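What follows is a single chain, given as C-alpha coordinates, in the form predicted alone.
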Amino acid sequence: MSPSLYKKVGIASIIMMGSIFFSRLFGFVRLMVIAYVGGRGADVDAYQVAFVIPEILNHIVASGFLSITFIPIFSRYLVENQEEQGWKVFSIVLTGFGTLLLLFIVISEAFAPELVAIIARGRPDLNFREQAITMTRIIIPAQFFFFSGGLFMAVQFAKEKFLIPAFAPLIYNLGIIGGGILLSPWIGMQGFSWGVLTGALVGNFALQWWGAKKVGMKFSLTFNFKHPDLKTYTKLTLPLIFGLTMFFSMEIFMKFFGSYLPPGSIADLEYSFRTMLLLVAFFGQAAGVASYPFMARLVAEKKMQEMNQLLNNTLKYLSLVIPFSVLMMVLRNELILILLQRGNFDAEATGHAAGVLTYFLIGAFAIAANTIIPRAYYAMQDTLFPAIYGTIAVILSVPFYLLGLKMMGARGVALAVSLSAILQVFFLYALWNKRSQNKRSKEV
(Lines give C-alpha, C1' and ligand atoms only; values in the text may rest on other atoms or scores of the structure.)
Protein backbone atom coordinates (compact mmCIF):
# COMPACT_ATOMS: atom_id res chain seq x y z
CA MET A 1 0.00 0.00 0.00
CA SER A 2 1.39 3.40 -0.98
CA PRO A 3 2.73 5.76 1.72
CA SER A 4 0.27 8.47 0.66
CA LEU A 5 -2.68 6.12 1.22
CA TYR A 6 -1.31 5.14 4.64
CA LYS A 7 -1.10 8.85 5.45
CA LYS A 8 -4.71 9.44 4.40
CA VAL A 9 -5.93 6.46 6.40
CA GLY A 10 -3.91 7.70 9.37
CA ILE A 11 -5.37 11.20 9.23
CA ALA A 12 -8.89 9.84 8.79
CA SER A 13 -8.35 7.44 11.68
CA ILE A 14 -7.17 10.25 13.95
CA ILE A 15 -10.23 12.36 13.11
CA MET A 16 -12.65 9.48 13.58
CA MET A 17 -10.85 8.23 16.68
CA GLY A 18 -11.18 11.70 18.20
CA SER A 19 -14.83 11.89 17.17
CA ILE A 20 -15.72 8.48 18.53
CA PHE A 21 -13.68 8.95 21.69
CA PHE A 22 -15.40 12.25 22.50
CA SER A 23 -18.74 10.83 21.36
CA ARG A 24 -18.34 7.94 23.77
CA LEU A 25 -17.10 10.35 26.41
CA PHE A 26 -20.19 12.53 25.95
CA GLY A 27 -22.23 9.34 25.67
CA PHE A 28 -20.93 8.32 29.03
CA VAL A 29 -21.68 11.74 30.47
CA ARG A 30 -25.19 11.11 29.11
CA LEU A 31 -25.21 7.77 30.92
CA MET A 32 -23.98 9.45 34.11
CA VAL A 33 -26.82 11.98 33.92
CA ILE A 34 -29.32 9.16 33.34
CA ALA A 35 -27.87 7.26 36.32
CA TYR A 36 -28.02 10.39 38.47
CA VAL A 37 -31.64 11.08 37.56
CA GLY A 38 -33.05 7.55 37.38
CA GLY A 39 -30.61 5.21 39.12
CA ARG A 40 -31.64 1.65 38.25
CA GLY A 41 -35.37 2.34 38.48
CA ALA A 42 -38.13 0.93 36.28
CA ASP A 43 -38.45 4.25 34.40
CA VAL A 44 -34.85 3.83 33.19
CA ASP A 45 -35.80 0.35 31.93
CA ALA A 46 -38.75 1.94 30.11
CA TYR A 47 -36.46 4.54 28.52
CA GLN A 48 -34.16 1.79 27.21
CA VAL A 49 -37.09 -0.23 25.85
CA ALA A 50 -38.30 2.90 24.04
CA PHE A 51 -35.31 2.61 21.69
CA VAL A 52 -36.19 -0.85 20.38
CA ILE A 53 -38.84 0.10 17.81
CA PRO A 54 -36.76 3.05 16.53
CA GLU A 55 -33.78 0.70 16.21
CA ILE A 56 -35.89 -1.75 14.22
CA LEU A 57 -36.99 1.10 11.91
CA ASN A 58 -33.37 2.14 11.57
CA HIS A 59 -32.55 -1.45 10.62
CA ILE A 60 -35.38 -1.70 8.08
CA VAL A 61 -33.92 1.08 5.94
CA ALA A 62 -30.37 0.09 6.87
CA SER A 63 -29.57 3.58 8.18
CA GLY A 64 -26.56 2.27 10.05
CA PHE A 65 -25.21 0.71 6.87
CA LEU A 66 -25.52 3.69 4.55
CA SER A 67 -21.79 4.30 4.45
CA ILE A 68 -21.25 0.62 3.74
CA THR A 69 -23.86 0.23 1.00
CA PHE A 70 -23.75 3.65 -0.68
CA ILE A 71 -20.02 4.47 -0.59
CA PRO A 72 -18.98 1.72 -3.08
CA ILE A 73 -21.66 2.88 -5.56
CA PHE A 74 -20.83 6.56 -5.21
CA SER A 75 -17.07 5.90 -5.19
CA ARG A 76 -17.32 4.11 -8.53
CA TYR A 77 -18.74 7.25 -10.12
CA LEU A 78 -15.96 9.34 -8.59
CA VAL A 79 -13.27 6.96 -9.90
CA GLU A 80 -14.88 7.05 -13.36
CA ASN A 81 -15.20 10.89 -13.29
CA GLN A 82 -19.01 10.70 -13.50
CA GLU A 83 -19.89 12.65 -10.36
CA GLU A 84 -23.12 14.07 -11.81
CA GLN A 85 -24.48 10.56 -12.19
CA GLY A 86 -23.45 9.85 -8.61
CA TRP A 87 -25.59 12.74 -7.33
CA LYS A 88 -28.50 11.50 -9.44
CA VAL A 89 -28.33 8.10 -7.73
CA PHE A 90 -28.00 9.88 -4.37
CA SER A 91 -31.27 11.74 -5.05
CA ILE A 92 -33.07 8.57 -6.11
CA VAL A 93 -32.01 6.66 -2.98
CA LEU A 94 -32.84 9.52 -0.61
CA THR A 95 -36.24 10.11 -2.20
CA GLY A 96 -37.30 6.47 -2.47
CA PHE A 97 -36.06 5.07 0.83
CA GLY A 98 -36.83 8.30 2.68
CA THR A 99 -40.47 8.10 1.60
CA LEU A 100 -40.61 4.44 2.67
CA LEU A 101 -39.19 5.33 6.07
CA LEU A 102 -41.75 8.11 6.60
CA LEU A 103 -44.51 5.61 5.91
CA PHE A 104 -43.07 3.17 8.47
CA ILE A 105 -42.76 5.99 11.01
CA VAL A 106 -46.48 6.77 10.73
CA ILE A 107 -47.40 3.08 11.11
CA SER A 108 -45.08 2.64 14.10
CA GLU A 109 -46.53 5.66 15.87
CA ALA A 110 -50.04 4.24 15.46
CA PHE A 111 -49.19 0.73 16.66
CA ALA A 112 -46.66 1.62 19.37
CA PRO A 113 -48.74 0.09 22.23
CA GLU A 114 -48.99 -3.30 20.54
CA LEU A 115 -45.31 -3.31 19.55
CA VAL A 116 -44.09 -2.38 23.05
CA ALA A 117 -46.23 -5.18 24.52
CA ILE A 118 -44.33 -7.68 22.34
CA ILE A 119 -40.88 -6.23 23.01
CA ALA A 120 -41.32 -6.04 26.80
CA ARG A 121 -43.33 -9.24 27.04
CA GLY A 122 -41.81 -10.15 30.40
CA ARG A 123 -42.80 -6.85 32.04
CA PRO A 124 -46.65 -6.54 32.18
CA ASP A 125 -46.65 -3.54 34.55
CA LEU A 126 -49.03 -0.95 33.03
CA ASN A 127 -47.17 2.14 34.28
CA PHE A 128 -43.93 0.76 32.83
CA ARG A 129 -45.56 0.15 29.45
CA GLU A 130 -47.24 3.56 29.35
CA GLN A 131 -43.89 5.25 29.92
CA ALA A 132 -42.22 3.07 27.28
CA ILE A 133 -44.98 3.83 24.74
CA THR A 134 -44.83 7.60 25.29
CA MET A 135 -41.04 7.75 24.97
CA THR A 136 -41.09 5.43 21.95
CA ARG A 137 -43.42 7.82 20.13
CA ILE A 138 -41.13 10.76 20.90
CA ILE A 139 -38.00 8.98 19.63
CA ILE A 140 -39.40 7.33 16.48
CA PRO A 141 -39.30 10.45 14.17
CA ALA A 142 -35.57 10.82 14.83
CA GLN A 143 -35.01 7.85 12.53
CA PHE A 144 -35.68 9.99 9.46
CA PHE A 145 -32.91 12.34 10.55
CA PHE A 146 -30.54 9.40 11.03
CA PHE A 147 -31.34 8.00 7.59
CA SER A 148 -30.98 11.21 5.60
CA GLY A 149 -28.00 12.30 7.68
CA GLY A 150 -26.39 8.92 7.05
CA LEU A 151 -26.53 9.54 3.32
CA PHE A 152 -25.15 13.05 3.79
CA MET A 153 -22.24 11.58 5.74
CA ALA A 154 -21.69 8.78 3.20
CA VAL A 155 -21.02 11.22 0.37
CA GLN A 156 -18.62 13.16 2.60
CA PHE A 157 -16.74 9.95 3.43
CA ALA A 158 -16.59 9.06 -0.26
CA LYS A 159 -15.04 12.47 -0.91
CA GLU A 160 -12.56 11.65 1.92
CA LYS A 161 -13.96 14.41 4.15
CA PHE A 162 -14.34 13.26 7.74
CA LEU A 163 -14.40 16.37 9.93
CA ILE A 164 -18.06 17.43 9.75
CA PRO A 165 -19.42 13.87 10.08
CA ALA A 166 -17.21 13.55 13.15
CA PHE A 167 -19.40 16.10 14.94
CA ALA A 168 -22.69 14.21 14.41
CA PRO A 169 -22.45 11.83 17.40
CA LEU A 170 -21.07 14.59 19.61
CA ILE A 171 -24.03 16.91 19.00
CA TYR A 172 -26.46 14.02 19.27
CA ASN A 173 -25.17 13.11 22.73
CA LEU A 174 -25.14 16.75 23.82
CA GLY A 175 -28.78 17.00 22.77
CA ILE A 176 -29.73 14.05 25.00
CA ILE A 177 -27.72 15.42 27.92
CA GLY A 178 -29.32 18.85 27.52
CA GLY A 179 -32.80 17.40 27.27
CA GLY A 180 -32.27 15.35 30.41
CA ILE A 181 -30.82 18.15 32.48
CA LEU A 182 -33.33 20.79 31.41
CA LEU A 183 -36.52 18.74 31.26
CA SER A 184 -36.18 15.82 33.70
CA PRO A 185 -37.18 17.92 36.75
CA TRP A 186 -40.62 18.33 35.12
CA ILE A 187 -41.15 15.23 32.96
CA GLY A 188 -38.60 12.73 34.24
CA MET A 189 -37.00 10.35 31.74
CA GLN A 190 -39.12 11.78 28.93
CA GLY A 191 -36.74 14.75 28.94
CA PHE A 192 -34.00 12.48 27.60
CA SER A 193 -36.35 11.30 24.84
CA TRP A 194 -36.91 14.87 23.65
CA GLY A 195 -33.14 15.30 23.75
CA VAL A 196 -32.78 12.32 21.39
CA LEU A 197 -35.08 13.95 18.85
CA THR A 198 -33.36 17.34 19.11
CA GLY A 199 -29.84 15.92 18.90
CA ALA A 200 -30.70 13.87 15.81
CA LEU A 201 -32.26 16.88 14.09
CA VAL A 202 -29.29 19.18 14.70
CA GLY A 203 -26.26 16.86 14.60
CA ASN A 204 -27.30 14.13 12.18
CA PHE A 205 -29.52 16.10 9.80
CA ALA A 206 -28.94 19.86 9.70
CA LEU A 207 -25.16 19.84 10.18
CA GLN A 208 -24.61 16.94 7.76
CA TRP A 209 -26.80 18.56 5.12
CA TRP A 210 -24.45 21.56 5.32
CA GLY A 211 -21.40 19.28 5.13
CA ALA A 212 -22.79 17.49 2.06
CA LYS A 213 -23.44 20.83 0.39
CA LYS A 214 -19.80 21.76 0.99
CA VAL A 215 -18.63 18.72 -1.01
CA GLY A 216 -20.98 19.54 -3.88
CA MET A 217 -24.23 17.77 -3.02
CA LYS A 218 -26.92 18.08 -5.64
CA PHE A 219 -30.34 16.81 -4.60
CA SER A 220 -33.68 16.80 -6.37
CA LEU A 221 -36.87 14.97 -5.44
CA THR A 222 -36.59 12.02 -7.82
CA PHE A 223 -38.66 8.85 -8.05
CA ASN A 224 -37.00 6.44 -10.47
CA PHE A 225 -37.52 2.85 -9.44
CA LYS A 226 -36.02 1.53 -12.69
CA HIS A 227 -32.57 3.05 -12.32
CA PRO A 228 -29.98 0.22 -12.37
CA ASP A 229 -28.03 1.62 -9.42
CA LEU A 230 -31.17 1.81 -7.29
CA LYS A 231 -31.52 -1.90 -7.98
CA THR A 232 -27.87 -2.37 -7.05
CA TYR A 233 -28.34 -0.40 -3.84
CA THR A 234 -31.50 -2.36 -3.01
CA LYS A 235 -29.69 -5.62 -3.72
CA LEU A 236 -26.93 -4.60 -1.32
CA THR A 237 -29.37 -3.32 1.30
CA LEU A 238 -31.99 -6.09 1.41
CA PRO A 239 -29.66 -8.67 2.99
CA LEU A 240 -28.81 -6.12 5.69
CA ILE A 241 -32.50 -5.45 6.29
CA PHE A 242 -33.48 -9.09 6.62
CA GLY A 243 -30.21 -10.24 8.15
CA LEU A 244 -29.59 -10.07 11.88
CA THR A 245 -26.31 -8.37 12.75
CA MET A 246 -24.40 -8.83 15.97
CA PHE A 247 -24.99 -5.32 17.33
CA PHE A 248 -28.67 -5.24 16.33
CA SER A 249 -29.37 -8.57 18.01
CA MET A 250 -27.46 -7.56 21.14
CA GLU A 251 -29.54 -4.42 21.58
CA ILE A 252 -32.82 -6.28 21.07
CA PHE A 253 -31.92 -9.35 23.14
CA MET A 254 -30.71 -7.33 26.11
CA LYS A 255 -34.07 -5.58 26.36
CA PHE A 256 -36.20 -8.61 25.56
CA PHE A 257 -34.52 -11.07 27.91
CA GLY A 258 -33.92 -8.31 30.46
CA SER A 259 -37.69 -7.77 30.66
CA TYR A 260 -38.00 -11.21 32.29
CA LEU A 261 -35.65 -10.14 35.10
CA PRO A 262 -36.44 -7.95 38.14
CA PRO A 263 -36.91 -4.18 37.60
CA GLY A 264 -33.57 -2.45 37.13
CA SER A 265 -31.97 -5.37 35.27
CA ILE A 266 -32.27 -3.72 31.84
CA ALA A 267 -30.61 -0.65 33.35
CA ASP A 268 -27.80 -2.85 34.76
CA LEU A 269 -27.18 -4.33 31.32
CA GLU A 270 -27.25 -0.91 29.65
CA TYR A 271 -24.88 0.76 32.12
CA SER A 272 -22.30 -2.03 31.92
CA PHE A 273 -22.63 -2.52 28.15
CA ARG A 274 -22.03 1.18 27.48
CA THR A 275 -19.02 1.14 29.79
CA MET A 276 -17.51 -1.72 27.81
CA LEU A 277 -18.27 0.07 24.53
CA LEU A 278 -16.00 2.94 25.59
CA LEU A 279 -13.12 0.53 25.01
CA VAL A 280 -14.56 -0.92 21.81
CA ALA A 281 -15.33 2.47 20.31
CA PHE A 282 -11.92 3.95 21.00
CA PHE A 283 -10.08 1.12 19.24
CA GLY A 284 -12.51 -0.69 16.97
CA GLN A 285 -15.18 1.66 15.69
CA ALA A 286 -12.79 4.48 14.82
CA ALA A 287 -10.52 2.19 12.81
CA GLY A 288 -13.47 0.55 11.07
CA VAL A 289 -15.16 3.77 9.99
CA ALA A 290 -11.90 5.36 8.86
CA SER A 291 -10.50 2.38 6.95
CA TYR A 292 -13.68 1.36 5.11
CA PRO A 293 -13.68 4.05 2.36
CA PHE A 294 -10.10 3.07 1.58
CA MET A 295 -11.01 -0.63 1.52
CA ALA A 296 -13.79 0.17 -0.95
CA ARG A 297 -11.42 2.17 -3.14
CA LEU A 298 -8.76 -0.59 -3.10
CA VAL A 299 -11.37 -3.13 -4.17
CA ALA A 300 -12.59 -0.78 -6.95
CA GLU A 301 -8.96 -0.55 -8.09
CA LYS A 302 -8.65 -4.37 -7.88
CA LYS A 303 -5.85 -4.24 -5.31
CA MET A 304 -6.90 -7.15 -3.09
CA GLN A 305 -3.45 -7.79 -1.64
CA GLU A 306 -3.24 -4.22 -0.37
CA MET A 307 -6.79 -4.43 0.96
CA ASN A 308 -5.95 -7.57 2.93
CA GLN A 309 -2.82 -5.89 4.23
CA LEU A 310 -4.91 -2.98 5.49
CA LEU A 311 -7.38 -5.38 7.14
CA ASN A 312 -4.66 -7.40 8.86
CA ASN A 313 -2.82 -4.34 10.15
CA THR A 314 -6.07 -2.93 11.52
CA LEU A 315 -6.77 -6.18 13.40
CA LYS A 316 -3.26 -6.16 14.84
CA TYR A 317 -3.96 -2.71 16.20
CA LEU A 318 -7.18 -3.99 17.78
CA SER A 319 -5.24 -6.50 19.89
CA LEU A 320 -4.66 -3.59 22.29
CA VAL A 321 -8.25 -4.15 23.47
CA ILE A 322 -7.26 -7.35 25.30
CA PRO A 323 -4.94 -5.96 28.01
CA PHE A 324 -7.26 -3.01 28.59
CA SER A 325 -10.19 -5.44 29.01
CA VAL A 326 -8.29 -7.32 31.70
CA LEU A 327 -7.44 -4.08 33.49
CA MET A 328 -11.08 -3.00 33.44
CA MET A 329 -12.13 -6.38 34.88
CA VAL A 330 -9.77 -5.93 37.80
CA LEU A 331 -10.95 -2.37 38.46
CA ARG A 332 -14.64 -2.94 37.62
CA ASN A 333 -16.04 -1.84 40.98
CA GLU A 334 -13.83 1.22 41.22
CA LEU A 335 -14.58 2.10 37.61
CA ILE A 336 -18.37 2.02 38.02
CA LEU A 337 -18.13 3.80 41.38
CA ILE A 338 -16.11 6.68 39.91
CA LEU A 339 -18.15 6.95 36.72
CA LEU A 340 -21.71 6.44 37.89
CA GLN A 341 -22.22 6.36 41.66
CA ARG A 342 -23.96 9.63 42.44
CA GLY A 343 -27.52 10.89 42.81
CA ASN A 344 -30.02 8.02 42.58
CA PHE A 345 -27.29 5.59 41.53
CA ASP A 346 -26.19 4.18 44.89
CA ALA A 347 -23.67 1.58 46.11
CA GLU A 348 -26.10 -1.27 45.46
CA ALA A 349 -26.50 -0.16 41.85
CA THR A 350 -22.71 -0.03 41.53
CA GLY A 351 -22.43 -3.64 42.66
CA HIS A 352 -25.02 -4.81 40.15
CA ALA A 353 -23.47 -2.97 37.18
CA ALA A 354 -19.87 -3.95 38.06
CA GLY A 355 -20.84 -7.62 38.24
CA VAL A 356 -22.41 -7.52 34.80
CA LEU A 357 -19.51 -5.53 33.29
CA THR A 358 -17.04 -8.38 33.82
CA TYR A 359 -18.97 -10.67 31.50
CA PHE A 360 -19.28 -8.06 28.74
CA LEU A 361 -15.51 -7.46 28.85
CA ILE A 362 -14.85 -11.14 28.02
CA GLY A 363 -16.05 -10.45 24.48
CA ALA A 364 -14.74 -6.89 24.07
CA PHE A 365 -12.05 -7.81 21.53
CA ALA A 366 -14.52 -9.80 19.40
CA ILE A 367 -17.05 -6.98 19.49
CA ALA A 368 -14.31 -4.55 18.40
CA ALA A 369 -13.18 -6.88 15.60
CA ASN A 370 -16.76 -7.09 14.36
CA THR A 371 -16.54 -3.40 13.42
CA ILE A 372 -13.77 -4.32 10.95
CA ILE A 373 -14.16 -7.82 9.49
CA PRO A 374 -17.66 -7.51 7.95
CA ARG A 375 -16.51 -4.34 6.19
CA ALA A 376 -14.10 -6.42 4.12
CA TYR A 377 -17.10 -8.21 2.61
CA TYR A 378 -19.04 -4.95 2.25
CA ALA A 379 -16.12 -3.36 0.38
CA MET A 380 -16.58 -6.08 -2.24
CA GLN A 381 -20.29 -5.16 -2.35
CA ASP A 382 -21.15 -8.52 -0.80
CA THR A 383 -23.78 -7.92 1.85
CA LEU A 384 -25.60 -11.22 1.28
CA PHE A 385 -23.09 -13.62 2.80
CA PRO A 386 -22.46 -11.58 5.99
CA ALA A 387 -26.23 -11.18 6.40
CA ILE A 388 -26.93 -14.91 6.03
CA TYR A 389 -23.97 -15.80 8.23
CA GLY A 390 -24.95 -13.20 10.85
CA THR A 391 -28.57 -14.37 10.93
CA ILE A 392 -27.55 -18.00 11.43
CA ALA A 393 -25.07 -16.96 14.14
CA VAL A 394 -27.73 -14.91 15.96
CA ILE A 395 -30.24 -17.77 15.85
CA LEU A 396 -27.62 -20.20 17.16
CA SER A 397 -26.83 -17.78 20.00
CA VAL A 398 -30.38 -17.88 21.43
CA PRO A 399 -29.64 -20.95 23.61
CA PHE A 400 -26.75 -18.98 25.19
CA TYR A 401 -29.21 -16.26 26.20
CA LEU A 402 -31.79 -18.72 27.51
CA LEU A 403 -29.24 -20.62 29.59
CA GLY A 404 -27.56 -17.42 30.77
CA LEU A 405 -30.89 -15.90 31.77
CA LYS A 406 -31.92 -19.00 33.68
CA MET A 407 -28.62 -19.68 35.45
CA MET A 408 -27.04 -16.25 36.00
CA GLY A 409 -29.66 -13.56 35.40
CA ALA A 410 -28.31 -10.30 33.95
CA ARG A 411 -24.73 -11.59 34.18
CA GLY A 412 -25.73 -14.59 32.09
CA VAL A 413 -27.22 -12.34 29.41
CA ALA A 414 -23.94 -10.40 29.30
CA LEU A 415 -21.95 -13.64 29.04
CA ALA A 416 -24.19 -14.76 26.17
CA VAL A 417 -23.38 -11.52 24.34
CA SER A 418 -19.64 -12.18 24.71
CA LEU A 419 -19.71 -15.85 23.72
CA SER A 420 -21.83 -15.24 20.64
CA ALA A 421 -19.53 -12.35 19.58
CA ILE A 422 -16.37 -14.46 19.96
CA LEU A 423 -17.69 -17.39 17.93
CA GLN A 424 -19.22 -15.19 15.23
CA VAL A 425 -16.08 -13.12 14.62
CA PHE A 426 -13.67 -16.08 14.72
CA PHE A 427 -15.49 -18.03 12.02
CA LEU A 428 -16.26 -14.97 9.88
CA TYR A 429 -12.56 -14.04 9.72
CA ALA A 430 -11.57 -17.64 8.94
CA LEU A 431 -14.04 -17.71 6.06
CA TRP A 432 -12.76 -14.37 4.75
CA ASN A 433 -9.17 -15.66 4.73
CA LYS A 434 -10.21 -18.71 2.74
CA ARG A 435 -12.24 -16.65 0.29
CA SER A 436 -9.70 -13.90 -0.33
CA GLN A 437 -6.58 -16.07 -0.02
CA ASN A 438 -5.42 -13.83 2.78
CA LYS A 439 -2.05 -15.46 3.30
CA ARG A 440 -0.90 -13.05 5.98
CA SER A 441 -3.76 -13.89 8.34
CA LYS A 442 -1.45 -16.09 10.42
CA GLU A 443 0.49 -12.99 11.42
CA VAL A 444 -2.55 -11.35 13.03
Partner chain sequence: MALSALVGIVLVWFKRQVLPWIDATTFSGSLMIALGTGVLFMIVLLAVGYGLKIKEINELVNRLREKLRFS
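Each form is matched to the other, and the largest set of C-alpha atoms that superpose within 1.5 Å is called the rigid core. Positions refer to the first chain, counted from 1. Being a predicted model, the structure only gives us computed values, none of them experimental.
The form predicted in complex with its partner chain is left out here; the points below concern that form.
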(message) So its partner chain isn't shown here. In the predicted complex, which residue out of 241, 103, 322, 79 has a non-hydrogen atom within 4.5 Å of it?
(response) 322
(message) Only one of 214, 316, 231, 121 gets a heavy atom within 4.5 Å of its partner chain in the predicted complex. Which one?
(response) 316
(message) Quick check on residue 342: any heavy atom within 4.5 Å of its partner chain in the predicted complex?
(response) yes
(message) Under a 4.5 Å heavy atom criterion, is residue 163 part of the interface with its partner chain in the predicted complex?
(response) no
(message) Can you work out whether residue 334 and its partner chain are in contact in the predicted complex, taking contact to mean some heavy atom pair no more than 4.5 Å apart?
(response) yes
(message) Please tell me whether any heavy atom belonging to residue 221 falls inside 4.5 Å of a heavy atom of its partner chain, as the geometry stands in the predicted complex.
(response) no
(message) Just to confirm the contact call: exactly one of 138 to 146, 80 to 88, 296 to 304, 326 to 334 touches its partner chain in the predicted complex at a 4.5 Å heavy atom cutoff, so which is it?
(response) 326 to 334
(message) I want to check residue 349: does it shift between this form and the one not shown by 2 Å or more at the Cα, with the core superposed?
(response) no
(message) Please state whether residue 265 has a C-alpha shift of 2 Å or more between this form and the one not shown, with the rigid core used for the fit.
(response) no
(message) If the two forms are fitted on the core, does residue 311 show a Cα displacement reaching 2 angstroms between this form and the one not shown?
(response) yes
